[in-house]
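As a starting point, one isolated chain is supplied in structure tokens, in the form predicted on its own.
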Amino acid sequence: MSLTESRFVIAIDGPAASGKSSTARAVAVALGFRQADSGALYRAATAARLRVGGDSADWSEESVLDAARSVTVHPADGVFEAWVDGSAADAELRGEEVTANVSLVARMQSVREWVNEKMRECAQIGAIVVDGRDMGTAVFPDAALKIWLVADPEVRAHRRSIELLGRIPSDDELARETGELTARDARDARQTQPADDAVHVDTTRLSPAEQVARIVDLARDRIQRSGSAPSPDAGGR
């Protein structure tokens, strides 16, 4: 049985700014899988709703879900891409307006259910690495490997600040970002919990290459024990 047929899923969960997406992408590349990023789907749903117009304070779940019907998922080289209205929209999905409103959309239960179903559809195509929230619990409780990716809040804040600012943050900037992440951890605590059988990987003192290598080693061990090997189509290479 190939990994495509056995729906081999690696689920990476963890708190905000723990490096889930970048790690998932690197793990997918190393294993020849595809990455399915739930965050991209939330951003695509947000972008689709923004195209409709209106003050985001007045958005209903129904209106966001209706706009999200224009979002489609397309397998590409190593990833699943979220398209809006039939075309790729990467720059729009990472834009300031989407970033400012995506948290609102991500809290909508019906949208969360829509995203989770899209992620499950991706898993039917081939072996994947998924990241986000609830991946190893609500979305893929039978995932072959579940990872809980964590790091100290100060370290996550430092990494996030460098990503956003393009430079080393000042002490005040770092303190502000740490406070925001700690507050978000508290808000997300009920939704963002590790699966009982998740492997905890603390990246506080790990380089990106080291954390990827650790997860890849765990995945290869699971693959070996499953007696399967990735098929040529598993990651869309």
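Numbers follow the displayed sequence, beginning with 1. In this text, all values refer to a predicted model and were calculated from it rather than measured experimentally.
What comes next is about the form predicted in complex with ligand C5P, which is not displayed.
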query: Out of 123, 106, 84, 145, which one falls within 4.5 Å of ligand C5P in the predicted complex, going by heavy atoms?
result: 106
- request: Let me know the one among 202, 188, 173, 61 whose heavy atoms come within 4.5 Å of ligand C5P in the predicted complex, would you?
  value: 188
task: Establish, in the predicted complex, whether 7, 11 and 35 all lie within 4.5 Å of ligand C5P, using non-hydrogen atoms for the distance.
output: no
field: Segment assignment from 126-134, 149-157, 162-170, 76-84: heavy atom within 4.5 Å of ligand C5P in the predicted complex
entry: 126-134
message: I'd like to know whether residue 118 contacts ligand C5P in the predicted complex, with contact meaning heavy atoms within 4.5 angstroms.
response: no
query: If you check in the predicted complex, is residue 184 within 4.5 Å of ligand C5P, heavy atoms only?
result: yes
message: So, residue 49 and ligand C5P: in the predicted complex, are they within 4.5 Å at any heavy atom pair?
response: no
- request: Answer for residue 39 alone: is it within 4.5 Å of ligand C5P in the predicted complex, judged on heavy atom distances?
  value: yes
Stretch 15-37: residues contacting ligand C5P in the predicted complex, 4.5 Å heavy atom cut-off: 20
